[in-house]
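First, one chain by itself in structure tokens, the form predicted alone.
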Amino acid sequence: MTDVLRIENLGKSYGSKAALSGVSFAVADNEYVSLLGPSGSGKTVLLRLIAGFELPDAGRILFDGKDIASVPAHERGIGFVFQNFALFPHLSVYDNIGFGLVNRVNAPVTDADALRSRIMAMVELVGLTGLEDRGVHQISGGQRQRVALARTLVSQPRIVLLDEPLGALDANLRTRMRGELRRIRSQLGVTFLHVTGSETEALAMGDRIVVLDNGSVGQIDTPDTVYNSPVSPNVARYLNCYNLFSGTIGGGTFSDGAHSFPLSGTPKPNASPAYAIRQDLITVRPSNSPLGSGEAGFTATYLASEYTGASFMYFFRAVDGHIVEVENHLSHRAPQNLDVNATYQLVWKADDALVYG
């Protein structure tokens, strides 16, 4: 598979603060890549550098094998979809979509029939047929998002950068638009680089995920690998589905000062030892239940639960004050009746834990 975009040792600082440092990865032709990271990790800065809105302090950005550092943003052939859509409020859906074709510097589309053909094909693709003459203030948030996407795609870019494109939508609409974005991208064969702070969105959307960790690449892999085998405690933390403990390793155990867990396998290299167990891999048992062979666990006080529809989240406090979250998928187990302030045994298979150190 041919790389359409290659980032090599990219760096960007603002004053004494490094926003990006040594960022390197490649995006293949006809690929959907999710770029995940918490606020301040450098996601939007990276997108702005690729788009040409800002210049890097170090490194190279190769587009179709050519260094585009000196190429102006409007000449790069890279599409950009903004989080707030950035539509023209005084223009119709039709005119918003066609704006770039008519007003671009290189080869503007001046033939009315050719212009209408391209705009209407895009209107149909994004599911806005019948709305093309409406003002953008007369359509819903999800429809405005489609207009923003259509306006970018109508220029036929090789790659589209999406900066939290679903962030302004409500939860139900975000879920529906995930499938729409994947359908549209697949139908056109365009490469998408999709920035998001939502681990759920990143896992659902990308063929691969790039995780940014404090301005550097923390991990690049398929969603399944990132979810099940985060390479560092920080990546595990960003996935928001692991309980993490800091401590020390020695004598075949991991200790956080209050608990000791048996080690299984070789720890993943990391400067600071840590222990991670996924929330949905923990079971809740009576406090006097003994640990079985190959199991790890400890007692904790039950605090509260949260119903999410497909599951219950249970919250416990360990003896050292550590808050532990347990996810009970209702398709796997019936909800448990737990007593607030009662003590329970939290148990998992030692093989299921990830140890770093």
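All values derive from a computational prediction rather than experimental measurement. Sequential numbering from 1, following the sequence displayed.
The form predicted in complex with a small molecule is left out here; the points below concern that form.
- The small molecule is not shown here, but in the predicted complex it comes within 4.5 Å of a heavy atom of residue 41.
- In the predicted complex, the small molecule lies farther than 4.5 Å from every heavy atom of residue 23.
- When the small molecule is considered in the predicted complex, residue 19 lines it closely, a heavy atom lying within 4.5 Å.
- Under a 4.5 angstroms non-hydrogen atom cutoff, the small molecule in the predicted complex has residue 45 among its neighbouring residues.
- Shown alone, this chain has one stretch from 31-39, 287-295, 311-319, 328-336 that lies within 4.5 Å of the small molecule in the predicted complex by heavy atoms: 31-39.
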